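Only one chain is shown below, in structure tokens, and it's the form predicted on its own.
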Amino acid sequence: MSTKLYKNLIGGEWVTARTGKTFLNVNPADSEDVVGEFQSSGADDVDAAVKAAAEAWKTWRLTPAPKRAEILYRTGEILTERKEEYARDMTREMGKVLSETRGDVQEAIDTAYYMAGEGRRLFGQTTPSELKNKFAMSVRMPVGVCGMIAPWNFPMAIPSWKLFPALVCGNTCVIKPAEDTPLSTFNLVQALMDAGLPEGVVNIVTGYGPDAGAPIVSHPGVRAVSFTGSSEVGRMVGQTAAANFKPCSLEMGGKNAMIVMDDANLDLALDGAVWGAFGTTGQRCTATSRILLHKKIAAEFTKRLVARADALKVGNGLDEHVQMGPQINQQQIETSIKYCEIAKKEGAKLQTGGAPLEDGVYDKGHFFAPTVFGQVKPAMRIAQEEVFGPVVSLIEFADFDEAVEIANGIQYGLSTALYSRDVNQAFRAMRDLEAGITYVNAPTIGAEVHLPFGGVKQTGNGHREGGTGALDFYTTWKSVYVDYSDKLQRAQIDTGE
């Protein structure tokens, strides 16, 4: 069976990269399953895409927002019809189990419907003028051409977070999907096109970060940049954008803590720990990578968590019985191996896992055992640095204040969770945990599309995806004054007359 060739989408046309190069998209659970062949693009391809987006913007920005929103609504309906097909494509290219990829597509559906509703809101403000016979208001204006660089772990949901609010606000887009998972972005944009999106409004350029991503960030025709990925790359993206005075939304790493108090429902907390630590094979920026345990329940919780981790069925996500899929590539496997070795050298106790799964059904994929480390100290690297794999650290504490101090003692600040029946501690956690998201009696994963998503410290730079926070990034404010006095009125000077 021949491998399907996918081309870049530029100005409504499917075109090959000017570099003449391609790369293969391979199933991380089965190296013999080639999902597709994609263009390995360069700066010239990006330039063509930006020019196409700039041309399309001339008419797209003038399309009434409710009409733009109708296209998003139809996109949501199309995605609903194709949910199973697109979920299976995503499992093949990304690896996570079908229940999760169905959820990934559903998140895009939810975002489509939510942002479609914003097409009739996009509210500004009206306000009294300080002068007579003068009207004052503010309105949202589209930014222009937006450049987007998406990650591989949520290959449809996160592109939808970027594309849909940008589109309803009247912007045009150039998106580079992650080289590990380009097909899901193609499927998303195909749904947009089938819903009636005009040519050139969204353009896809595939390839590697230095070759195709960096030119998007630095291109003078790109007016704003949205990036999701590591803090290291995000720093470079932010510096390049800042040098050119471009708004830049950065959504980066996390080292998320789940606090389990001695009064917690341990069965519920265990469910949350397993889902938070090993869902998506730990490859989420919101993954529960640190579990902070009150000393009174630490031993029991550890024993039960290890048993749950050992019982997880790992394998190809297309198997409905599998509970955890592969890591995305060999590089991520090597990162997990590295941090497990570091943890053992630092004195952490390996409770289970700690190595790749390589025999039998695992020979053709990138599989790593669900891993639990006990006796972890807050300053250890395994408790400070993002692993992005199925590796969780257990840290003990004596009281609530110490737990908050440990949770906050990292460079990241994305998601946190508290398991407790004490409402007072719950409200203190909401106030005191340094994070963009705090859950009470729920794991660190599970954000909903109508609320802002993002973090503090080295997780982000203040912008938010999801909800109205996304609208704030993809629009600029214009203040409008209409003076109908038929005479010169000077603000701040003539107010006393």
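Values in this document were obtained by computation on a predicted structure and should not be read as measured data. Position 1 is the first residue in the sequence shown; the rest follow in order.
Missing here is the form predicted together with a small molecule; even so, the following discussion is about that form.
Asker: Could you spot which one of 211, 319, 107, 385 gets a heavy atom to within 4.5 Å of the small molecule in the model of the complex?
Answerer: Only one listed residue qualifies here, and that residue is 107.
Asker: Identify which of 154, 419, 227, 164 has a heavy atom within 4.5 Å of the small molecule in the model of the complex; exactly one of them does.
Answerer: Exactly one listed residue reaches within 4.5 Å, namely 154.
Asker: Consider residue 447 of the chain shown here, and say whether it contacts the small molecule in the model of the complex, taking contact as heavy atoms within 4.5 Å.
Answerer: Because a heavy atom of residue 447 falls inside 4.5 Å of the small molecule in the model of the complex, the answer is yes.
Asker: Indicate whether the small molecule has at least one heavy atom within 4.5 Å of a heavy atom of residue 285 in the model of the complex.
Answerer: Residue 285 belongs to the contact set for the small molecule.
Asker: Contact with the small molecule in the model of the complex for residue 57, defined as at least one heavy atom pair within 4.5 Å: yes or no?
Answerer: No - in the model of the complex, heavy atoms of residue 57 and the small molecule never come within 4.5 Å of each other.
Asker: Applying a 4.5 Å heavy atom distance criterion, does residue 94 contact the small molecule in the model of the complex?
Answerer: Contact with the small molecule, no.
Asker: I need the one stretch from 427-435, 466-474, 28-36, 447-455 whose residues put non-hydrogen atoms within 4.5 angstroms of the small molecule in the model of the complex.
Answerer: After filtering at 4.5 Å, what remains is 447-455.
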